[in-house]
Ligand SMILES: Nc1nc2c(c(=O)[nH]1)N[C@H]1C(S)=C(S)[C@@H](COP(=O)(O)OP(=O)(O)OC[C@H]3O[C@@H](n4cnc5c(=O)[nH]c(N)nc54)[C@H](O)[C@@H]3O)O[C@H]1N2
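Only one chain is included here, represented as structure tokens and corresponding to the form predicted on its own.
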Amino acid sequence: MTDAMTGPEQHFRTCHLCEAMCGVVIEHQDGRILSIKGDKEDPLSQGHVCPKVMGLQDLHEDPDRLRHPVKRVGTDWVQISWDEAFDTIEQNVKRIRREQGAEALAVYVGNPTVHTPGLLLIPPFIHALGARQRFSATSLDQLPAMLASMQMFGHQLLFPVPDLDRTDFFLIIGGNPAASNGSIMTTGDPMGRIKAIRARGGRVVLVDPRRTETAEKVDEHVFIKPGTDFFFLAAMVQVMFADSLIRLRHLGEMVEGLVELRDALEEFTPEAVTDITGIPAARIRELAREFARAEQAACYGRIGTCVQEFGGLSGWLLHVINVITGNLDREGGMMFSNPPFDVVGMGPKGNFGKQRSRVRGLPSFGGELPTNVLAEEILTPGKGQIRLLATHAGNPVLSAPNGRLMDEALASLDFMFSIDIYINETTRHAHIILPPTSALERSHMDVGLAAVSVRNFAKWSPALFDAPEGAKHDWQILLELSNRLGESSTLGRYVKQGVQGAVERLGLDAGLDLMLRFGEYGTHAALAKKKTSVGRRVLSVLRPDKEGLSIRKLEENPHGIDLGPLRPRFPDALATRHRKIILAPQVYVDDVMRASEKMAQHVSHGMQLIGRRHVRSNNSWMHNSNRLVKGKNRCTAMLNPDDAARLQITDGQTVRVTSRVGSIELPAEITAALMPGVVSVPHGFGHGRQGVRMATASKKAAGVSVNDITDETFIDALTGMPVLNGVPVTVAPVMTAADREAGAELEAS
């Protein structure tokens, strides 16, 4: 922190508000932020920032942000001491665990967790809590992508990312990097890199039910009906086989299951899928041939491909297309980052179906159950009924399907505690809320997102401001809870050893330093390499590489250090039994029959609901910044003009969108950007619920929650994921008092 009455100073760090990880320069003086701008010397973003960057200041200064632990007393909140908060949590966790067993305990981890290095302490916390039922935003977001990586490459964290700086054909399916700034594709400046592809003579094609902000800046946009990405991808694969376009290149000796793949998808010809996808057969054939013949191509799919009825199959074929064209783990194709931390080595490989949910029997992934069963597991009586819930930086009331049911469920819990900075739609149900420090009051280094970067780099930033006296960082809260709640055996395994032990003894930065030093680029990298001789290992300790990475090295390079372009990692990184890419895992081959039946029985659904996001928000937690929510109302129901005319809906008129589980009412926005038969409502809104203590969000960005009408029972049968895109709905005009008044005035004139 700057001393009183000094001149302006500059602080360099990474913006943590989305996955782009843009470098910023924060000018500050006497504890006040004067300006926030892009850091032109940052090796990844090179000066690019988006409007969300102002949220760094707004979140830090937000008067609604909690700064002390609070306890709910009736409908009021009372400030309490940390000791009282920890004591209350410890007593209730141990009581419920003793009386009802670990099956009665659950934990939910939200999306913002990945944006803080404190995520390293999440595993020991969960194990100390002893919760048998675990949930996270994974099952509302990227689970199919992780499952495909586990099934085909042997590890759930082997995420392929597009090598944007060297590709000449970029195919995007169900992604909108102009709004998201890249998702499972950390880029710093995604649209700048996409523009560069076109500038060097390459092509960029987007397949999406909406002509998004990204679609405006690519070579071609192809409309596709919601929830049908698998059929489109399957037809592309079928064409590649039929036209002898399979080109494994360097992957030839690493692939198994090619014949099984061909046979499984043989019936999905372009002609067979045209009706269900809405894409002409000729265009599917052209795209398949263009992609297969491109020298360097990358097929990238994002959340639109995941949260649909065939999300699991779609995640599989996204990998398949890159493999059978020889574009996986190759320059200009889909590659794997070489991060400063060995995230793959640190994390478990993953497992699927090891556990089943009590009520519906849906499968777990990586030890977590699908979040769409959380409410029913709380509300359904019987052995294993959830009676205690812990949440970390999550808001499932707005992010999970059937939010009204989730509301009801959370209100019925015996005890709930949350680690969060806000009293929001979810945490208002907690009995105790533990708020961590502001992100600007702690050091920062991206641990998880570096593993999905399109260019290798490393950056660490010290805290900009001193933490207030008595405040606690998120990792300190998690460590305290782990120490209080865990059994001795749990602590011995998960807290007292390795990085966690270093964090407990010396602080989080010491743990990060340890990970850096023994990582691929670290001062002790030689010691970490399996094939290094014993003699050289000893020397690496005595004479570490002075140029290797460490916290000190990064402190000396505040803009970050460029570690170069992505490099091939296969076959060494493959974690399958025989170090082979499994092209046709049985779990997918078996599920193809379900898709085949759907195609044969296909009938038009009428209207289908899809979500959307905006560049000035990230889910629900940034709507309390006036600078980010001001202006035109973004919570609208987008409709195609043909649908609007058929339904007699005018622009701006209030409409009712209804699904099996309920209705929401919001203004219509008539636009040709939506294909006919589709209605789009943004996610993350719905701040008008009683008890929310986010004044700006409740007043200026209340809107309605799209997840009040998504259906927790409509799932991808393979993964158990909820369907958030392609939900059958009806849309009808609502005659409000203002509408009637306007009509009367029109009649009178």
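Start at 1 and count along the sequence shown; that's the residue number. Just so it is clear, the structure is predicted and the values come from calculations on it, not from any experiment.
The same protein also has a form predicted together with this ligand, omitted here; what follows describes it.
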I need the one stretch from 260 to 268, 387 to 395, 346 to 354, 99 to 107 whose residues put non-hydrogen atoms within 4.5 angstroms of this ligand in the predicted complex. 387 to 395
Can you work out whether this ligand is within 4.5 angstroms of a heavy atom in all three of D407, S663 and R693 in the predicted complex? no
Close approach of Q151 to this ligand in the predicted complex, 4.5 Å, heavy atom: no
Using heavy atoms and a 4.5 Å limit, would one call R285 a contact residue for this ligand in the predicted complex? no
Hey, in the predicted complex, does S625 get a heavy atom within 4.5 angstroms of this ligand? no
Although the partner isn't part of this model, could you tell me whether E520 comes within 4.5 Å of this ligand in the predicted complex, counting any heavy atom of the residue? no
Heavy atom within 4.5 Å of this ligand in the predicted complex: which of I421, A595, L516, L583 fits that? Just give me the one. I421
Contact residue in the predicted complex, from R166, H431, H614, R455 (heavy atom within 4.5 Å of this ligand): H614
